[in-house]
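The chain below stands alone, shown as structure tokens; this is the form predicted alone.
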């Protein structure tokens, strides 16, 4: 089993594209990635209940790392934690990592069997290559 990853975005299209890009790093490898994005009617927004359901679906017992796009996605993810059972909540890390870059790094190390803390740390380093290149 591997650490699960949840992508929380205001836009379903953005989240799906980010996941598609990340999956290209490991074609054919099984990855546990869930998406909670947009509203039920296809609009922009986030839903804390959808986030909690995505976390529960992504939890294999090894933990879950949650990546979010914008401020209210963070609020929805924080609220989602309140809907989870205590044992699941304890296995969840909310990451301040950049969504796309963080997701790409996270899936690579998660697929390699990294711990939840290692996956979150790799996601957090997501901007480092871009920052180094632009100096």
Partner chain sequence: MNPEQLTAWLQRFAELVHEQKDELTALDSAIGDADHGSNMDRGMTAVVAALAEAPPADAAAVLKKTGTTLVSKVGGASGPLYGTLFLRMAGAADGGFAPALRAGFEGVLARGKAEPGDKTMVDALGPACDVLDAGGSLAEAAQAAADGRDATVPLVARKGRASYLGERSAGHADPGATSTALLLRAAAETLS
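Numbering follows the first chain given and starts at 1. Since this is a predicted model, take the numbers as computed values, not measurements.
Unshown form predicted together with its partner chain; subsequent notes refer to it.
The partner is absent here, but in the predicted complex a heavy atom of 48, alone among 109, 48, 84, 31, sits within 4.5 Å of its partner chain. Taking a 4.5 Å heavy atom cutoff to its partner chain in the predicted complex, the contact residue among 75, 93, 26, 57 is 75. Contact annotation for residue 10: at least one heavy atom lies within 4.5 Å of its partner chain in the predicted complex. Comment: 40-48 is the region of 40-48, 57-65, 84-92, 100-108 lying near its partner chain in the predicted complex, near meaning a non-hydrogen atom within 4.5 Å.
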